[in-house]
Structures are given as structure tokens and as C-alpha cells.
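Consider the single chain below, provided in C-alpha cells and representing the form predicted on its own.
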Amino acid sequence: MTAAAATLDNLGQLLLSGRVEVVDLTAPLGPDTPLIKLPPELAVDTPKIEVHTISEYDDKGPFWAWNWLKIGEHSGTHFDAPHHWITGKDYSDGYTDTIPVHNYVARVNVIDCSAQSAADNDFLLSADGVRAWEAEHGAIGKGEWVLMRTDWDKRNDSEAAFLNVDAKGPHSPGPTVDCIEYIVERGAIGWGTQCIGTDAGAAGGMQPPFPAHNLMHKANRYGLASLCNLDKLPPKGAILVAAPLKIVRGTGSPVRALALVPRG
């Protein structure tokens, strides 16, 4: 048995024994899933998710049940491909059906900003904040995911609380411009959050606006939004599996994001 085969065999045994746990990072997906709301002058909102029965052990299909869905690519826990943003539009491997599949499995860094986000809904993680985290936990490596833990998923059962919009606009934590510039420089393959999108609520007023979208996709990197259960992941040491549907020329997709986490 080769070393690689032995490693995979050992992983299989660790999964069976529970010493490696599979943690679900995905929100439930259905008609009540919170969806992003855009200003009417910018775009039409993603329609509400609809689930329609085709048959369920009846005269339309006596032995089987199945449904058809109406759903936007960027609904619920979802993956942003580079082609989602104008800065990433020219990458031939920037669609959900052309991204190299090995990029969907990678090591993950989880930066805990939950206390700051609880104290300030508009909390912004800066490059200095990332550097301070690295000084404690180790450097972010090339090809790794960086996830911002805010525990915002605890609001997921209320669209109003999850979107958190008032007369001044949306209020949710996220990254600064220099934060995204720094993790791109470090070689991170993607950036993820627990909020409705990968940017902060106030990101439209930044320069450039929406830096997580603008800069990550400009660098042919990826995004994950509406993640859950990041409180169950260590700062380092887990593996993230986040594979979008293979939609032809897809700009993104709902995902079942999973983490492999060592226990004991």
C-alpha cells in the first residue's frame, strides 16, 4: 500500500470511529430561507425558493416521490464562483462547471469574531486582525479557506434579524478592504462568512465597494456565504468540503458545506 493509500485508509477508519467528525456547515434550504434584498434600482431580487411536488405515491407516480424546485444560484448556504462578479468575468475556469474539482476540498482557517460581532453588528475584520490571529494560531497557507466566525447563523430563523436592515441600510459584520487584500496576498483560495453574503452590510460604501466580491473574484478565488456551525470548528486543523452543483456556466450554487474535524 502506498503512503497516500494508507493515509486515505486511515481517514476512513477515523471517520468510522468518530475520531474525525463530519460537521454540517449548511443552513436548511426551503421557502423560509432568508435571501438577500437588493435596492430596486440595482437588480431584481432572487425569487423565494419554491418546492413543487411532481408525484408522491399517487396517480402521477405510484411508487415514487419527487419534486421540482425554483431557486436562485445564490440562495442559502452558497458558493460564489469568480464569474459572479464583473472583476472575475474573464476567467474560463471561473464557472461552477469549469472550476478544477480539487479546489472544492481544502484546509480551513476559522477566525473567531463572535464576541466583537455580538457587541457591534457592523464589526469589520481588518488585516491587522488577521495578522494577530496568525500570531496566535499560525500562518494562513496557500490554497486554504479563511472563514470569519460571527455566530450570525443563530439569527437564521428570522429573515429580519438575519438581514438586519434599517433606514440606513443593512448591518452585518464582514471584512475590510485590506483584510481581503491580505488574504489574497497570503494565497487563500476562498473567503467565507456566516452572513447573507461574503461582504459586510456596509460594504457598498467601501473603496472598492464589496471588497470580498470585488477582490476575491478578481484573483479567481471563491466565496461562501450563510455558513453555519463555525463554533464547532477549531481555528486550524479541519478540512472544508464545499462543492457547488455543476451548473453549466453557473455563477454559483447552493452547497452542502461540510467540515472534517479531528476529535479527541
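When you see a residue number, it is the position in the sequence shown, counting from 1. No experiment lies behind these values; they were computed from the predicted model shown.
Just so you know, the form predicted in complex with ligand 23J exists too; it's not on screen, but the next bit is about it.
- Between 103-111, 117-125, 84-92, 153-161, the stretch whose residues reach within 4.5 angstroms of ligand 23J in the model of the complex through a non-hydrogen atom is 84-92.
- With respect to ligand 23J in the model of the complex, the three residues 38, 74 and 213 uniformly fall within 4.5 angstroms at the level of their nearest heavy atom.
- Heavy atoms of residue 34 never reach within 4.5 Å of ligand 23J in the model of the complex, leaving it off the interface.
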